[in-house]
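We begin with a single chain expressed as structure tokens, specifically the form predicted on its own.
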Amino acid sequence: MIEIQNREDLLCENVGRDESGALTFAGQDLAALAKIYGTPLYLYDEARIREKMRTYLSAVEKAFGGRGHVQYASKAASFKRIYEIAAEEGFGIDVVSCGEIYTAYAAGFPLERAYFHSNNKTDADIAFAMDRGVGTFVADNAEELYAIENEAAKRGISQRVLLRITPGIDPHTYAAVATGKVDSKFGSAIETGQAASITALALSLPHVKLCGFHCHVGSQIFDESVYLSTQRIMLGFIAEMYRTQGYLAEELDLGGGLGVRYTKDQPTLDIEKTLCAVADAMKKTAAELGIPMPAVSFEPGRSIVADAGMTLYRVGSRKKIPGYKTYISVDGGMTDNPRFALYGSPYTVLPVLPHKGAEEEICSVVGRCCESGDILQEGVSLPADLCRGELIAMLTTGAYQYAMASNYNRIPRPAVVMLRDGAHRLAVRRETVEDLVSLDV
């Protein structure tokens, strides 16, 4: 374990510098890891993942007592080791596909603690999930409810279900990740009366056990007032369903979406403070409405794994266009992290080795794909003498990088390496060119 020195703002305490000024992650030598595993390389700090999970569990217990639950949102990063950690830490999970369900199953995760999301579960998806004992379905629409009823009837079971409701909240986040507005592909809107109608339908189906409601308003939310508004709308809906349909929801799932720090100008959220504020507001709202507090669930994903991740790249070419800009090309790109191309997502990029006394230059960090939009980050300040073969690190890449990676241009996906207590272990091996043709016939 390398000693981490006092340092500048490097976003998270698991990022530091050794005595020579070289960047470290989870106290480990990045150049040595790149030599062993190659680049591009996804690194995960396992201790940080566990710390975040424990923070959520502690905060939910403090805020809601035994009436609070937490599920890890698989879409942020899904591979077997993540589910092993979640199982060991006492977390539930949310899953959105047969692939995520099977990965959790293969890792030995107890699937009765899984919540199955998605706005378009096929009949095959529903059967697959039931056959593997997925505990709860989060149903999006009437067609899905009928399919759940059909598959549950075949098995002679009563399937636990939450209904996904859209509360009509605009969280002022990226339009592509705002999911709580009325005009959304997800869920049934309260405003249009569809939420009330689907509740009546669920209650009429003999093999569907309606346990409550689910909502999710977006991602990268730093303002707790979004959740305070959401809880009031959702508890109001619960009270209305009790008054008009005689149904009192046992559970309210408020989703995830807490923001994480990608750049130094973004804040660090206090998870416990936020959840306690939500709990206090919910208790007051429930009392005003004259209903008991439901059990409350949260589904953090990004805020569990984002700053537990780092990606290493090796510099290839440096292209300076006089009077325009400088491009730094690396051996990865939109295949291992498409988020800038999709959303313009900000990141912090740093050289691994120190360049003492070197001038800084504003650069565009770009990938190797045959695609003009293959950009990892614009406006990055890097040493003017950074050259071919050197390593750069992108911070806070634990969420939605490996999960969204592709084989565009037939580029193999990077390896995933877990770091813990000064040791490192391969969690997902690097794809090979042979892997790329393994499904071809």
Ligand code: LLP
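Residue positions are given as counts along the sequence shown, with the first one as 1. Everything numeric here is computed off the predicted structure, so don't read it as measured data.
In what follows, reference is made to the form predicted in complex with the ligand, a form of this protein that is not presented.
Using a 4.5 angstroms threshold between heavy atoms, Met404 counts as touching the ligand in the predicted bound form. Residue contact with the ligand in the predicted bound form: His214 places a heavy atom within 4.5 Å of it. Although the partner is absent from this view, Gly332 stays clear of the ligand in the predicted bound form, with no non-hydrogen atom inside 4.5 angstroms. Although the partner is absent here, Gly187 lies well away from the ligand in the predicted bound form, with no heavy atom inside 4.5 Å. Among Ser297, Thr136, Ser219, Thr166, the residue placing a heavy atom within 4.5 Å of the ligand in the predicted bound form is Ser219. Asp94 is the sole member of Glu151, Asp94, Asp336, Asp140 with a non-hydrogen atom within 4.5 Å of the ligand in the predicted bound form. Just one listed stretch, out of 299-307, 84-92, 99-107, 273-281, contacts the ligand in the predicted bound form at the 4.5 Å heavy atom level, and that stretch is 299-307. Scanning 384-400 for heavy atoms within 4.5 Å of the ligand in the predicted bound form gives just one residue, Tyr400.
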